[in-house]
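Below you will find one chain, with nothing else, as structure tokens; this is the form predicted on its own, and questions on how it binds or moves follow later.
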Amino acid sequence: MAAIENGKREESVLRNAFGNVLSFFILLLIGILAFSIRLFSVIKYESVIHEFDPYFNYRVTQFLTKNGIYDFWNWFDDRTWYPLGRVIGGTVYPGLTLTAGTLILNSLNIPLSVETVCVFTAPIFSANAAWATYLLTKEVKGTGAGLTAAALLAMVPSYISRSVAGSYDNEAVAIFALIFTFYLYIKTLNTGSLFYATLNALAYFYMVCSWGGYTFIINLIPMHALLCIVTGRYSSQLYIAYAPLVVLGTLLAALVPVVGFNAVMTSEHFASFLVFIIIHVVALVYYIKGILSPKMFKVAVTLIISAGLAVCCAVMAVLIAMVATSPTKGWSGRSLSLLDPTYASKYIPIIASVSEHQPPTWPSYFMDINVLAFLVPAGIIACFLPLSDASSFVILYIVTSVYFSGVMVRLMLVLAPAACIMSGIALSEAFSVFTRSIKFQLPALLQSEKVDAGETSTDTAVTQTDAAKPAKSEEIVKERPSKKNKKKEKEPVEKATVRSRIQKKLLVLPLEASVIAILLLVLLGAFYVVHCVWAAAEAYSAPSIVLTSRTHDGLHVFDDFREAYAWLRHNTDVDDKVASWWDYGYQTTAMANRTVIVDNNTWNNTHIATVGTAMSSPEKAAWEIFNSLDVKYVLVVFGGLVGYPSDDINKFLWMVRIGGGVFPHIKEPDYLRDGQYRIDSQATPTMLNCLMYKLSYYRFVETDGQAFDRVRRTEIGRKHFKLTHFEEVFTTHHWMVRIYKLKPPKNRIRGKTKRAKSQKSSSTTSTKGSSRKRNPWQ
């Protein structure tokens, strides 16, 4: 017996070792897949930074690697938000910059340029995120579910959209930090280890350094802790997982300059403190229950609950007093937009104007998570069989992320890991049932086939033996059956009942149905892979700074943005100020190295409203506003010639709304004809005379003779006009970026003086009157 047990033990050890090695190689392949599928942008285009925000992060990383971390913390950037400037060290989340500039570039001494490191940081951390997803899902439902979820996350389009090569944004490292923090929380729940609790606080600190979405963590974990307490699932593991995170995590979060005392003074963090008090009250109750008699316990519980309620009320009063003076009661504008989807459109148009902050459409879900949307409900059901603390956490994660993704399309990124975890659990459980059904029924099927073959081969011999037997069997006296014979007769019946019980317990399905179901799941997975590869190669690989269009003539490349920024860098003075809408501020500062009035940080609504008011005003009033800001050049983006829809004319109503929110003389109805936004002959005079219209459509009629706008699909209303206060200095090859220079006031005064002198001969009185005229631009 001992030898048999040792043999079984060695066999299980070998099986586990082989399984671990196989899992390691599968995870390695998943990491390679996650990295390589994000390289289409480099292969198809070039190694270039994408979008708008990544250019600011790239510029900050350059400064960090050149000047060091101490100069980075104290860096005052005078090239942004002129004349206000910006303290970079105190207003930026430093996690991404420190990771790429310090950990990857400086510490490892890799002979690479800063731009190359920035381009490939997101693909590297996408592999880390896939491995973190494996660890998290493994803690919930085992290794098979973990491997499946990791493979799904490596390819999910929603995550690819923010982590392709060149997407050097905060989310590149933040999603990994988010998943890893959740993993360590669940690991602490399952083990009750204070070591993992400390690591959890450190992972939360890294998340705080990386992205403002850390508030999702510090609210989701308290919600789960409260859920466990309410449902009677409190344990010492829950206390160890939660209490150190709140204490140590909050102290570490306060060390990040951009967060500071907001970690204890804003409403986004108050839920964690209230649950912290509640969990201590519950822990005290459980402790007293173990040392007191039932009668004394009732008295003690009454006192503890009374004291706990008093403390909670006192804390609530203090927190309310702290935020009572704030008009938003301590909530940030983005948080209020999530809690009330109509809040931004009513009160903060600068938030509502961002396309990422709009609610998603139903096709967006199919585009970004594809078939995972249909597998998530099955994963939720599987998490209830059985329900544990870990599975209840991922259920709460998917429910909250679905809500937030429905409010803001940007948060589809938070939904993606939850959808992959649930889908991985669903697929793993489904494959387990189907393969178990095949494994359970296949040996019996093969054995029955062998028995049938044996019976057919012995039929002839059996008939001959029966015929040769004498008829004595009929005359044999019936004897009483023995106990041994009875036992043999009962064995087949007992085996049949045991088999049916096992089959019912293991949920064994018919063999044919199991085979067909596995084939359908493989087909579904193939469809998911094809869709993800297409999304990575076509939908999300194109950098916004370099555009392409495919027609019957072939592939056309529009490199107008870099053409315009290069012109600014080489043809303007270093101290010249450039005004544009805030979307292009980061790129102008990073690529043209020129001072901008506003940029994508959007921290000062009044400053942005000033630029919006200038764009919405007539030419003379706009010149006065820009001249007061010491602006020398104005940059506008125009897509009417090539059909580029994200131009400034399409964004113009947001400029009107943001400007009108601060300066009441700007009214949106003045730019609308019967409630419609028009630029044709039916457009309002206010619209046709505003600066944005003139700078966009100046000389546009010279392109085709008709001035047909391909984005708005109509001829413009005002075709022939001249600029009196601005002069065109550069227009890119495809007219996508147009740069104008403010005319100096002395040139126009000199022109007026010449006209006045020409009229002197006609009337001396008129000459004196003209000389007394006040300069309208001073």
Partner chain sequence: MEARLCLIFFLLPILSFLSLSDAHDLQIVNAERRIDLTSHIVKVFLTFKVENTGTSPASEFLLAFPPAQADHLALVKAAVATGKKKKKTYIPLDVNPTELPDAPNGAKFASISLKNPLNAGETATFEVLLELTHSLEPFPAEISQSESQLVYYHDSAIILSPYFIKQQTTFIKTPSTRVESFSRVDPTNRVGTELKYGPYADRAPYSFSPIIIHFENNNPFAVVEELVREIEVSHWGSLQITEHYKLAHAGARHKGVFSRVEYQSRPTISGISSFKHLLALLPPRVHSVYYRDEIGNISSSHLRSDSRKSELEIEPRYPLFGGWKATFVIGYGLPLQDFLFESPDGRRYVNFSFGCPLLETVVDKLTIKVVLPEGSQDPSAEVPFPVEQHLETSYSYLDVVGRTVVVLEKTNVVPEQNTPFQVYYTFKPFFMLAEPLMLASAFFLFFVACVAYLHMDFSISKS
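Numbering follows the first chain given and starts at 1. These numbers were taken from a predicted model, which means no experiment stands behind them.
The form predicted in complex with its partner chain exists for this protein as well; it is not shown, and the discussion that follows is about that form.
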Would V48 count as touching its partner chain in the model of the complex under a 4.5 Å heavy atom rule? yes
Does any heavy atom of H733 come within 4.5 Å of a heavy atom of its partner chain in the model of the complex? yes
At 4.5 Å between heavy atoms, is D71 in contact with its partner chain in the model of the complex? no
May I ask you to check whether P111 falls inside a 4.5 Å heavy atom distance of its partner chain in the model of the complex? yes
Among the candidates M155, A197, I217, M591, the residue which, in the model of the complex, approaches its partner chain to within 4.5 Å (heavy atoms): M591
Exactly one of D583, E268, E563, D340 has a non-hydrogen atom within 4.5 Å of its partner chain in the model of the complex; which residue is it? E563
Counting only non-hydrogen atoms, which stretch in 291-299, 268-276, 221-229, 694-702 is within 4.5 Å of its partner chain in the model of the complex? 694-702
Within 203-238, which residues have a heavy atom closer than or equal to 4.5 Å from its partner chain in the model of the complex? none
